[in-house]
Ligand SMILES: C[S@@+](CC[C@H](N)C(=O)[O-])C[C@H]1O[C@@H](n2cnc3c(N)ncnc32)[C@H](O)[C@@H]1O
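Have a look below at one chain only, the form predicted alone, in structure tokens format.
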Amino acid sequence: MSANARVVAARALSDIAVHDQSLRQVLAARLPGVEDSRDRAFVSAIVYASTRGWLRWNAALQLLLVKPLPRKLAFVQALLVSALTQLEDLNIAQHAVVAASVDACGAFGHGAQRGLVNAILRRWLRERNELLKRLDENVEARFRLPEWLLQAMRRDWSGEVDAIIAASNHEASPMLRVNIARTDRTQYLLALDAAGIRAQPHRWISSAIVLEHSLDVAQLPGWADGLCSMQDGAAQLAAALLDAPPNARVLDACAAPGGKTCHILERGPVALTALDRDPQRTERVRENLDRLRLTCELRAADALQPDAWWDGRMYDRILLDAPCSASGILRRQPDVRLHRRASDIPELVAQQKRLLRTLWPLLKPGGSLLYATCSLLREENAQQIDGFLQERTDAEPIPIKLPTGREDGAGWQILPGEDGIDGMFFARLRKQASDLVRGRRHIEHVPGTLN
């Protein structure tokens, strides 16, 4: 691959790891400038793998340097981390990585650092075995996760922590959601096969298709016509668990980027209001709706301020896909491990609590709210919902039973990688009507999970 591809990859990695920008946004901005499709795929592979391995290979770089590189050489730092990733995680030939990295350094205007890049990489190759031993003495470098998150995983999931770490550091297979309003999974699988795209149906999520390899979405049959969307299987469960009946009034309170919004609409006619407080993220929802030929009331508004957007009519269903740590989706969004801090969690927990308290009065008696996060942390999940149930005398849990995961408190927790899907938590809460008896539990089938 060209030196230019490695320049683009290093610039993107610098934006993500050093300047705290979103991986998806960075790639969306930088990949269009790479003309060759093979180079675009190569850049994407390097950036994802290097972000996933940053805590390990940046620690290795510090072992190789006499002193840390100054911030003005962030590109060189990222170039070296991406080179170590190529050598160790992507298994690219040593001579190709060293030569191309040196060339990329010069191509980006850091010619004075070419010798440093060459020396650092060659020293790694000479001393690799000893350096790997030293690297594993560093907990964050060994597990490629921040120490605070490792501690939280061990606290909440001591028996499953090894599997969680392994899944979080493993590249996730791409997944599609078939638009059942326009086609069905069997027909779409035939279309994929005709296009030479290898895929298979998910074992029990009937809208989900697992692709063998990542690809440009433009290559997917009917993408522009809205026949499918990219969405992990765990996220696809939300619409089924919400179980909105025909013509129900539905609120999607934190809708962007719109995957769950669109899936709810694909499943049948409902009067849906979708909110997001960020106008730019709301525009992403609009783009998804337009591509899928779906409509709803879409507003750039803060769910915590219903006086600004609510018409006073209660909802039959509310989806609260709450802001969270995203600790369950590290395999799909590896930059979360670099950007999320332990200090973020108390505010996220407080925000989740405010959203639950604010939205509950908007729900009709007999209606239900689906609380969802892509988190593994119990303080955001089971503890959050159990606390809400203790303070609300008119709320009762509707038990969930899925083929994957486990009951946790009043909800259901899926851990990352189980049945090939992301880590997510769901809890279904019904608002008691006046004639319901407090404490009565309604055990019922969850419609739509398998169909």
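Position 1 is the first residue in the sequence shown; the rest follow in order. What you see is a predicted model, and the numbers here were worked out from it, not measured in a lab.
FYI, the form predicted in complex with the named molecule isn't displayed, but the following is about it.
With respect to the named molecule in the predicted complex, the three residues L237, G405 and D422 uniformly fall beyond 4.5 angstroms at the level of their nearest heavy atom.
From the list 70-78, 265-273, 321-329, 203-211, the contact stretch for the named molecule in the predicted complex under a 4.5 Å heavy atom rule is 321-329. A heavy atom within 4.5 Å of the named molecule in the predicted complex is found for one listed residue only; from L132, A166, V217, L304, this is L304. A heavy atom within 4.5 Å of the named molecule in the predicted complex is found for one listed residue only; from G106, P257, P221, P146, this is P257. Among residues of the shown chain, E347 is not one whose heavy atoms approach the named molecule to within 4.5 Å in the predicted complex. The named molecule is not drawn, but in the predicted complex it has no heavy atom within 4.5 Å of A181.
In the predicted complex, the named molecule stays beyond 4.5 Å of every heavy atom belonging to Q94. At the 4.5 Å threshold, heavy atoms of S158 stay clear of the named molecule in the predicted complex, well away from it. No residues of 104-141 lie near the named molecule in the predicted complex, the criterion being any heavy atom within 4.5 Å.
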